[in-house]
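Taking the form predicted on its own, here's one chain by itself in structure tokens.
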């Protein structure tokens, strides 16, 4: 048996050069210090993405992307397919935990100044990954074709339509018409299962490659002599896998006690129900648009807020190029303060959405 396994390994190794990868993993070192805990969120994001792919493929076997069949196919998955309810719940819960993990990974990298030279492109590719996964959430939200997802999509696209000059064209392009319809669900379906996965593979591949080439960033102020290093394999990867197992256990508990609901089938002719809101990761923008004054001087408040989000996102992407102190290995209190303001703003606005539902 042992000889047979050795022969199989030799055969695979001669084709895929596994020994070279193992040697690279053994030589690779990871800094170990009091902030090392935050390194593991990158691996957690990758692990959750793999779960998304696997469960998404299983759901794809039974899902039908049409107005007449989408909701019924979800009901069939939940009630008739063996362990279908589990696969859908795992897919939905892991998607939400993935976006939360990406936010944590982003802010921890920001406060540890992991974006400084020569890792500017690592930060920028990570920023694009955040946008891609937010689009994953937005496109996947409509696919069950239930009441909540239908009207939330209508509200979101109506906001896009308020943009001056190009708003109506953007709305029409997103929806495939003037209203949320069968064309919309078809577009969102192909965006969700084809276009976004392809973009993710490309950007994620570049991001992971940059991390492997440049290594993990050491926080400013620790000093290279004070920072010890541990082997990536097996020390770091074992701790990383422990985090994966804990996340998997959390997902299992959530799926058993809080299985993802199907909801009522969408009725396009029904009035918009009270209290409609998007998924939690969009609520900070949603609440901002609700509380901003209708007009600020002579400009519409919603349009100003949308442009503010766009400018803020562009600034956040270019932080590595703007923070000159971090590039010179010096602390940058101004950018740290900006980071805390952004973090608290997102947390407070998200909390207000649920604490004051009538806002």
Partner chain sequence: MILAIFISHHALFAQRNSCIECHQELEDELLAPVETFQLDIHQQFGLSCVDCHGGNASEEDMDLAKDESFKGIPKRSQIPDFCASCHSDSSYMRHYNPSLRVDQLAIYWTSEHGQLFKKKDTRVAVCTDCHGTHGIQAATHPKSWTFPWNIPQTCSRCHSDKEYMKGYKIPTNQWEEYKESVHAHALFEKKDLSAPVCNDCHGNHGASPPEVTSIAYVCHQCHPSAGELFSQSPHKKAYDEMGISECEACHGNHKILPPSDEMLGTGERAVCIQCHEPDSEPYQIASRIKEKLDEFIEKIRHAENLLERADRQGVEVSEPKFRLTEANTALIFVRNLTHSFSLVEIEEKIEEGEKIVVEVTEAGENALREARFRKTGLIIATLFIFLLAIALFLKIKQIDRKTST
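Residue numbers count along the first chain shown, from 1. Worth saying up front: this structure is predicted, and the values here are computed from it rather than measured.
Keep in mind that the form predicted together with its partner chain is not shown, yet the notes after this line are about it.
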| message | Taking its partner chain as it sits in the predicted bound form, is residue 246 near enough to touch it, meaning that at least one heavy atom pair lies within 4.5 angstroms? | response | yes
| field | Touches its partner chain in the predicted bound form: residue 274 (any heavy atom, 4.5 Å) | value | no
| message | Residue-level contact is defined here as any heavy atom of the residue lying within 4.5 Å of its partner chain in the predicted bound form; does residue 83 satisfy this criterion? | response | yes
| said: Within 4.5 Å, heavy atoms only: does residue 231 come near its partner chain in the predicted bound form? | reply: yes
| Pick from 253, 222, 170, 202: which residue has any heavy atom within 4.5 angstroms of its partner chain in the predicted bound form? | 253
| task | Counting non-hydrogen atoms within 4.5 angstroms of its partner chain in the predicted bound form, say which of 212, 162, 75, 117 makes the cut. | result | 75
| query | Just one stretch in 179-187, 152-160, 237-245, 102-110 has heavy atoms within 4.5 Å of its partner chain in the predicted bound form, so which one is it? | reply | 237-245
